[in-house]
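Take a look at this one chain, the form predicted on its own, written out in structure tokens.
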Amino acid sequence: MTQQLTLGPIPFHWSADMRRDFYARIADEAEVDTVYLGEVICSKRAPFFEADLPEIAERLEAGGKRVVWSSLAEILLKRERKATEGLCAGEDGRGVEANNAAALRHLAGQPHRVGPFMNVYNEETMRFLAAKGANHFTLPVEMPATSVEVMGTAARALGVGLEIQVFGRASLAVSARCYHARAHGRTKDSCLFVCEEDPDGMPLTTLDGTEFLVVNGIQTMSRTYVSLLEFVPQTAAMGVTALRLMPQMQDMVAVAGVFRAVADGRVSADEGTAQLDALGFGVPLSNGFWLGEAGYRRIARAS
């Protein structure tokens, strides 16, 4: 079976114009099968672009892409609970990815997807959620290949889809506080949307100047872009049915083209890796989590 290539929801605060242009190009040019839409990090950002989402979804579907709506990863306010309830009520939940237990409450008994923020780390959790209607799981990015293989066996037995992130910054944590605002001397409630100034995340360095992490509003992310391109050929046999690319301030059409070619066997993993490196991201790549090592590391496949 051909693996699906998916594009995760934009985690950053991009302007409405930037989002429209980005998705127009994805719809017309990108070799992806499914696109996840919606705000997953900060509900305060949603009013800037949510009016455009129906038109964006329509254009993506006209371009042959399936649209799935992603819920917030953290829900603290009454308006966030109400928005999540409304999201889950659409399409009887069939096109919704739950990233918070509040969404699961509204989706129980209906077909739905479970996103990476739900932290499904073991087969028993997968079985429990599948019995409640979940039919597709995206695993946390820090899970090593050995664990993904175990989850793949369980997914096959349950007849559910299994997705992993194969490109983009790793989400490491979300917080009730907004460090992005705090770093600019502001509070979360009076942030003035300063995160828009960092469309690929705000870099952090250690006291000695070493590049370390990236902050995106309430989210902490890896400094590196995760890339599992060289391991894509083995993932199908492990039970992985979908490969997720996370949007970055890069040529995501080109990125998708390389991953699609390797997944289809038209290009070898080594050749594809060389093509990905040639895109010149200006950001280091990593695969440490996949190999059970420190996540920021990039380890040669042979070792």
Partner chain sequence: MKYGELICPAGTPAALRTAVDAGADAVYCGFQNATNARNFPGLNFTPDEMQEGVAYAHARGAKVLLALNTFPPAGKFGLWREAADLGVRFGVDAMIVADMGVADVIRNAHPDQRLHLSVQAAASSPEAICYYVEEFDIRRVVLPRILTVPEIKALAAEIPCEIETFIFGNHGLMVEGRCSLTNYATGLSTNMDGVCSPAGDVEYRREADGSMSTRLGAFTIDKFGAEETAGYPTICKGRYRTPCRDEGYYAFEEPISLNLARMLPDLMNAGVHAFKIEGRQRSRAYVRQVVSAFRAAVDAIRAGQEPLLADLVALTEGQKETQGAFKTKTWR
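On a predicted model such as this, the values are computed, not experimentally measured, just so you know. Residue numbers count along the first chain shown, from 1.
The same protein also has a form predicted together with the partner chain, omitted here; what follows describes it.
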Requested in this report: Spell it out for me: taking the partner chain in the predicted bound form, does every residue among Phe128, Glu142 and Thr206 have a heavy atom no farther than 4.5 Å from it?
Outcome: yes
Query raised in the report: Can Asn100 be called a contact residue for the partner chain in the predicted bound form at 4.5 Å between heavy atoms?
Result: yes
Query raised in the report: Any of the heavy atoms of Arg182 lying within 4.5 Å of the partner chain in the predicted bound form?
Result: yes
Query - Phe289 within 4.5 Å of the partner chain in the predicted bound form, heavy atoms - result: yes
**Report entry** Touches the partner chain in the predicted bound form: Ala157 (any heavy atom, 4.5 Å)
**Finding:** no
Query raised in the report: Who in 220-244 is close to the partner chain in the predicted bound form, meaning a heavy atom within 4.5 Å?
Result: Thr220, Ser222, Arg223, Thr224
